[in-house]
Every structure is written in C-alpha cells, then in structure tokens.
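This document starts with one chain, in the form predicted on its own, laid out as structure tokens.
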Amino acid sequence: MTGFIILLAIVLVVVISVQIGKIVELANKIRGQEESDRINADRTAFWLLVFGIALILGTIWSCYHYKNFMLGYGPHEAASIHGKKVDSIFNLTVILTGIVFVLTQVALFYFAFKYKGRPGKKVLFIPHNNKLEFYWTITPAIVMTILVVSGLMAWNEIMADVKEDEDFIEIEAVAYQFAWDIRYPGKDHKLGTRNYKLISGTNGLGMDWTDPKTHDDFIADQIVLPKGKKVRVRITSKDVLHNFYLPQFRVKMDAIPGLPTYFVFTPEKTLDEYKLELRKYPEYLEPSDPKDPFGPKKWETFTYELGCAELCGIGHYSMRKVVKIVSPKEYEEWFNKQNSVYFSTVRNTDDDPNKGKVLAGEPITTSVETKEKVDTTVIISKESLNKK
C-alpha cells in the first residue's frame, strides 16, 4: 500500500509539472517573450541563491549535528596508536578541501545571481589571463603537494612491517563467502603452514598437519587481543575479493585470493574504556532499541566489530565478527582456555599424517597396574617416558 501511494505521488508531481509548463508557455505568449525571459532569469537567479545558501548552511549543520557519530570526532577517537595519524591526515584533507568547497560554492551561486540574464547585456569574453592562470595552477599544486607528501609519509609509517626482534602477536584472517576464519598460533607463537590444495570438508583452511607449528594453532569464534600489544594480521581470501575492516582501529585492507596481505596495529583502548567514552555523550544514552525505552542504552550494547568493506555477494552483510580488546591478564586467561584444532579434532584420525606416532611434548595416555590390582589411567609425556 505504501509503495502504491509513493508511486501515485510521483505521478501527480509529473502531471503538475507538465501543467505548470503549459501555463508558463501560455503566459509567455500573452506577456511577450522578452518580459517572460526577464522574469524567468530573476526567478532562476533567486532560487539558485537560496539553494546555494541552504546547501552551505545545511552542510555545516549536518557536520556539527552528526559529529558524535563520525569516526575521529566526539567519542570515536581512534582506538589504535596509528589511528591518530590517520585521523590527522583526514582532518587536514577536510580542512583544505572544505575551504575550496565553500569558496567555489559561494562564487558559483553568487555569480549565477549577480550576472543573471538581462536584455541587451553582453558577456565579457576573456580568452587569456596569465595572472589568473598562474594562481589557478599554483594553488591546487601546493595543496596537492601537501596532501600527497603528508599522506605518503603516513602511509610509509603505518604500513611498515614488524621487525624480527619485535614482540608482537600474529593472527590470520581468512575470508570467504560469507564469514571469517580467525586462526591463532599456540604457545609456540608461530602460525603453521597452509596449503590451498589441502582444503577439504574437515580441513577448511588447508592446514598442513605435517608442519609441527600447526599442531597448537586454534581457530577462534571471535577476535580477542590484549591492549598495548602490537598485532600483525595476515589477511587472505578463499574465493572472491573481501576487505578486512576494523573501523574503530582505522584498519582496512583487502583480502585477495592468492595474494596475502597484512596489517600491523597496536590497540590501545579496551572495549570497556571505549564504552565509558560513549557514555559521556547524550546520543549514546538513548535506548538501543527504540521499541524498548527501558532496555539497554546504545553505549551498553556497543561492541567492536570486524566487517567486510567490499561488496562480495548477497550475504555480504553477514560477514561480521565480534572483536574484544582486553587487558593482558584477561587475554592470557582466554588464550590458555583455547584448544588446538589438531589435538581436538584431527589427532589419530584418518586425516592425521602422524597417526600412531608419539609426538614431542604430547600428553599421552597409558595404563598401569597398582598393588591393589586396579587399572587406572595416568597422563605422562614423551619426555618422562624417555627418562624411564
């Protein structure tokens, strides 16, 4: 019903516009073309001026009104160290292009009003002006140089890879239609080898179980990272082009099939700290669900989130993953509770290339007989067997 009403309204607007056109045409014949042209020019100039003023004021008002919802402003300061550099470059771009926007729009609509058509008025034709062309060339050149140089310096700083002697966490994000697999290294802090040829129904990432580094790797259902620790994310895709996007951390990088990329960042705000910032602003004290005025507030339901910023298919909207930034202690507690994919689902199955073998450091089970002739099970390691 709503769609029919909208369609009817559009048809009515078209009909009214056609009728107005006919009325204007009839009035022109009655009044005379010259007088009609003057009136049309005055009307057009006036409404162009009104539109120009409304455009500039509306732009300024909307920026101010919605500032607390925009990244980089209000409570949405960057939650990563490098994010501050991104925001500063963005602000510099907004300031310089904003000045150009205001000046050009003022000139455009003012000139349209001032130089409206008049009978007998002739246009001044200026084929060449060295001074004007000099300023019109040098000014954009200076502005572009400032933006390009500052942007390039920021890019080189932000996209620098980790050094071998640095203390960092490396995780892997694998995109596919329409979800993310997040792989963590185990206690060896090294991600194992993957091979797309090994991908199967039971090995979705193609992890190479002959590589000992894969044995303690685990896949997490959410991204959990410690505050203040540098993180390197390996990013890749199994099918089409995706994009790894963490807006609050100013992290954005394409996930490309066959061409691994990476991003390095250091989170410096936990989720709880970010929520406390949101709590200071009235926009986030409103109910999260407008239909439930007594329900949780917007700041309470806020969460960091990984999204896909590349239109990748009909399920693009569902490529979301919860992100939590916690204290180092909380991270260690969470990390120690995770189970490796290999030992929890693959070990001693038909997919295990090490089936029947004893692996170094692997907990194994054996039976011993006590003096009371009662079988019991104890856990020993390969190292303890070797000692005996």
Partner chain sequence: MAALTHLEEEKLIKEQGYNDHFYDHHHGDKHQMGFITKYIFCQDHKIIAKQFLITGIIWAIIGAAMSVIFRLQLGFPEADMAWLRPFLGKWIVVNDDGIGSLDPNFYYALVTMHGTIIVFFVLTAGLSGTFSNLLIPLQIGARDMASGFLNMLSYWFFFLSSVIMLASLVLSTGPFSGGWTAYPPLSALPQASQGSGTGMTLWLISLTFFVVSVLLGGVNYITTILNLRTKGMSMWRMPLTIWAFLITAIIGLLSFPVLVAGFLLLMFDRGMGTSFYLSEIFIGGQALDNVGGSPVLFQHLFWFLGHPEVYIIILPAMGLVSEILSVHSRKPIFGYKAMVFSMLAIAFLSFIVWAHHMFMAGVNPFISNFFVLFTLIIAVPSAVKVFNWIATLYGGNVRFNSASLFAIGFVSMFISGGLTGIFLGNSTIDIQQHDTYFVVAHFHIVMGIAAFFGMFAGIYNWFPKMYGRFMNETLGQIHFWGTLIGAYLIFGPMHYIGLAGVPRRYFRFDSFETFKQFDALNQFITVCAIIVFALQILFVVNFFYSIWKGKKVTSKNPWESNTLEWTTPIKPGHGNWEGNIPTVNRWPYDYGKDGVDFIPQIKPLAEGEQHSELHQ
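Residue numbers count along the first chain shown, from 1. All values reported here derive from a predicted model rather than from experimental measurement. Rigid core: the largest C-alpha set superposing within 1.5 Å between the two forms.
In what follows, reference is made to the form predicted together with the partner chain, a form of this protein that is not presented.
Next on the checklist: Even though the partner isn't displayed, in the model of the complex is S318 close enough to the partner chain, meaning a heavy atom within 4.5 Å?
Outcome noted: S318: yes, in contact with the partner chain in the model of the complex.
Next on the checklist: Can you tell me if C63 lies within 4.5 angstroms of the partner chain in the model of the complex, counting non-hydrogen atoms only?
Outcome noted: C63: contacts the partner chain in the model of the complex.
Item to check | the partner chain contact at V346 in the model of the complex, heavy atom, 4.5 Å | outcome: Close contact is absent here: in the model of the complex, V346 is far from the partner chain, nothing within 4.5 Å, heavy atoms only.
Checklist entry - Does the 4.5 Å heavy atom contact test between C312 and the partner chain in the model of the complex come out positive? => result Yes - in the model of the complex, heavy atoms of C312 and the partner chain come within 4.5 Å of each other.
Checklist entry - Taking the partner chain in the model of the complex as the reference, which of L285, I81, L276, A154 has a non-hydrogen atom within 4.5 Å? => result Residue within 4.5 Å of the partner: A154.
Checklist entry - Which of the residues spanning 133 to 167 lie within 4.5 Å of the partner chain in the model of the complex, based on heavy atoms? => result Counting only heavy atoms within 4.5 Å of the partner chain in the model of the complex, the contacting residues of 133 to 167 are E133, W136, T137, P140, A141, M144, L147, V148, G151, L152, A154, W155, N156, I158, M159.
Checklist entry - Is the C-alpha displacement of A141 equal to or greater than 2 Å between this form and the one not shown once the rigid core has been superposed? => result Comparing the forms between this form and the one not shown, which are aligned on their rigid core, A141 does not shift its C-alpha by 2 Å or more.
Checklist entry - Does the distance between the two CA positions of H128 reach 2 Å or more between this form and the one not shown, the core being superposed? => result Comparing forms between this form and the one not shown, the H128 CA shifts at least 2 Å.
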